[in-house]
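The data below hold one chain only, encoded as structure tokens and taken in the form predicted alone.
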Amino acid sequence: MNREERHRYGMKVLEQVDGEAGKRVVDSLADVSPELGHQIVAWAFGDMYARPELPARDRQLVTLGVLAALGGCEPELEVHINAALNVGLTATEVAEALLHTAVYAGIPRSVNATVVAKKVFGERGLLPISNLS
């Protein structure tokens, strides 16, 4: 595929996974780094997210864990928590994944990610969550 074909294909994948939120992120880069926006679409979504070896649902679990562990990625977490719900994860599964990050990334990062999840869940009418065992 040429550059434009990769971008068109990546946009289809981005829309399936992230919906309108992903497009807003790319659009927000247009006046400062259109090339970064292009790479997010063509490479991250057109090449990486589209790989068939790992389902979109599993890719979102990995993405949530990595973003939570990195810390300071709250805007990206908001997009990807929505994406996780879009590709079939339940709110309880998302909450559980973010809880699990406390073991490896620490409680503060898990709390920060969970606060973002609370915002997304509230906007989508998914509160309260019960993941008590």
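This one's a predicted model, so the numbers in the text were calculated from it and none came from an experiment. Don't overthink the numbering: it's just position in the shown sequence, from 1.
Heads up, the form predicted together with a further copy of the same chain isn't pictured, but that's what we're talking about next.
- Within 4.5 Å of some heavy atom of a further copy of the same chain in the predicted bound form lies at least one heavy atom of residue 73.
- Heavy atoms of residue 111 reach within 4.5 Å of a further copy of the same chain in the predicted bound form, making it an interface residue.
- Contact between residue 87 and a further copy of the same chain in the predicted bound form is not found at the 4.5 Å heavy atom cutoff.
- Proximity of residue 12 to a further copy of the same chain in the predicted bound form: non-hydrogen atoms within 4.5 Å are absent; the residue sits far from the partner.
- Along 1-21, a non-hydrogen atom within 4.5 Å of a further copy of the same chain in the predicted bound form is carried by 1, 6, in order along the sequence.
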